[in-house]
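Only one chain is shown below, in structure tokens, and it's the form predicted alone.
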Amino acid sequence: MKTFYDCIPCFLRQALDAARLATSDETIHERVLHEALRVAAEMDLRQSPPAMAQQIHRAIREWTGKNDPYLEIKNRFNSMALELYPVMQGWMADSDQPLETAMRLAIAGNVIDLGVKTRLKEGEVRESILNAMSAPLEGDIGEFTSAVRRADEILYLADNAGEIVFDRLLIEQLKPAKVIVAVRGFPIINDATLEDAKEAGIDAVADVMENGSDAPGTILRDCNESFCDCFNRADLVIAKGQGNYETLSEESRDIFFLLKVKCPVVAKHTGCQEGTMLLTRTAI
């Protein structure tokens, strides 16, 4: 998916928000904005939005000296999600369709996207989870279920911290297939890293690997060899979130995307309204 003109103001807002999280020094805020404007001016818009975000956030880390400006917020949402986890396990135990229930909860958790909304409130996450069972879901659940049941090895591309706790519910339903969960190789926005996966207990239910990249999506040419080997080998790839959709939706392999549509650009690209819980598949 290419970068659209409407993405540019969002990048600038995101850059300023991240700079303010990292430091109160307005001189650095100005430098970060100048760098974001330079990157936007020079970027090939045929690249995906996460490719631009990657360059901007590298500049933020360089100028502020903060390797992970979102760390405190990530930890807060991880803790909140872990508090909700026993409640959701109860819902799973009572469900007649546990795979669909887990998928709905995982998609609802995709609201924890600080690239889209830096000042996301915990109440908004709780509301998304509470509405997960009744909210309309766009997509073919039967097709997804059949693909899961046929797969011997599934690669699950995680998205954000906090959200990855909700992913655990779905990952547990993907058995008996071997499940490998991939996280970002370095901190970027609030995307999940190896530390977040361990805090969520993902390593207790699946193998976990880093993709070697600091992009808020999955740019294959930027990922390490072991990840790419797994991506090409897996019987099924499940990709969470907008960033993974933006970077992989045009790949020529079978991928199921699970996301909450949270911006007008992705809404237009998918043909769905903002707020839609979406299950979609690459055209292969």
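Position 1 is the first residue in the sequence shown; the rest follow in order. Small disclaimer: the values here were computed from a predicted structure and weren't measured.
Form predicted together with a further copy of the same chain: not shown, discussed below.
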Counting only non-hydrogen atoms, the one stretch of 225-233, 244-252, 26-34, 212-220 within 4.5 angstroms of a further copy of the same chain in the predicted bound form is 26-34
At 4.5 Å between heavy atoms, is residue 9 in contact with a further copy of the same chain in the predicted bound form? yes
Margin query: Against a further copy of the same chain in the predicted bound form, would residue 262 count as a contact residue? Criterion: heavy atoms within 4.5 Å.
Written below: no
- Item | residue 13: touches a further copy of the same chain in the predicted bound form, heavy atom cutoff 4.5 angstroms | yes
- Would residue 20 count as touching a further copy of the same chain in the predicted bound form under a 4.5 Å heavy atom rule? yes
